[in-house]
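The form predicted alone is given below as one chain in structure tokens.
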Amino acid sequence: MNILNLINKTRLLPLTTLTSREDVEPLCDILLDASIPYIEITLRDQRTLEIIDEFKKFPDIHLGIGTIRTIEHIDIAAEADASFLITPGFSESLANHAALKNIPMIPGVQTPSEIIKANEAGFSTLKFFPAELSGGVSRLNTYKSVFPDIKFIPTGGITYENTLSYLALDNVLAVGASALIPSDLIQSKSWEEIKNKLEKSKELISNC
């Protein structure tokens, strides 16, 4: 199934940073139990580059690699059999290399100029980052009439409290949130608490 269709089913894109191989299996188990068979792993720690190939052992999880900033990052993601890529900003060279590797990419944008450039390159689903610091819900609401054919995944400052405000917008495909899988809970191996967060968020969305 197309990764965007998968994400749109739950309207949640959980993201986190992993630095230990031993954390991959329990995280994958939680995602499958929560019926969220995908994850964005961000490249915010050098150690992450060394362990993301562990996800190859869990083919039922669609691995997304986020914070992609270089062609080398894309190559590493390809070696890890990543299903999709996410960048913090738009880069034509990164978009071209991702296409060369045949890996779907969700580029990050903030301004109208960036949205136009990304759209000209063939992208119609974009990451809006950093969402809260860039005008949040009100800015995305303004973009609806200007870019009616564009869908956004706002990321950055997304919380349990503001999730529904974003998802109420017609041009929001899903929300990306590290709050769903906080790094401190990963470090403390609080897997049950992480599972509860994911299920609570899914319930919140399904009841809205």
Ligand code: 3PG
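The numbering used is simple: start at 1 and walk along the sequence shown. Values in this document were obtained by computation on a predicted structure and should not be read as measured data.
From this point on, the text means the form predicted in complex with this ligand, which you will not see here.
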{"query": "Sole residue of Pro26, Gly156, Pro37, Pro182 within 4.5 Å of this ligand in the model of the complex, by heavy atom", "finding": "Gly156"}
{"query": "Option touching this ligand, based on a heavy atom within 4.5 Å in the model of the complex, out of Arg44, Lys144, Lys56, Arg69", "finding": "Arg44"}
{"query": "Segment that reaches this ligand in the model of the complex - one of 28-36, 135-143, 45-53, 156-164, heavy atoms within 4.5 Å", "finding": "156-164"}
{"query": "Residue contact check: Phe84 to this ligand in the model of the complex, 4.5 Å heavy atom", "finding": "no"}
{"query": "Non-hydrogen atom contact Leu15 with this ligand in the model of the complex at 4.5 angstroms", "finding": "yes"}
{"query": "Heavy atom of Ile65 within 4.5 Å of this ligand in the model of the complex", "finding": "no"}
{"query": "Partner proximity in the model of the complex: Phe90 to this ligand, non-hydrogen atom cutoff 4.5 Å", "finding": "no"}
{"query": "Residues in 127-141 with any heavy atom within 4.5 Å of this ligand in the model of the complex", "finding": "Lys127, Phe129"}
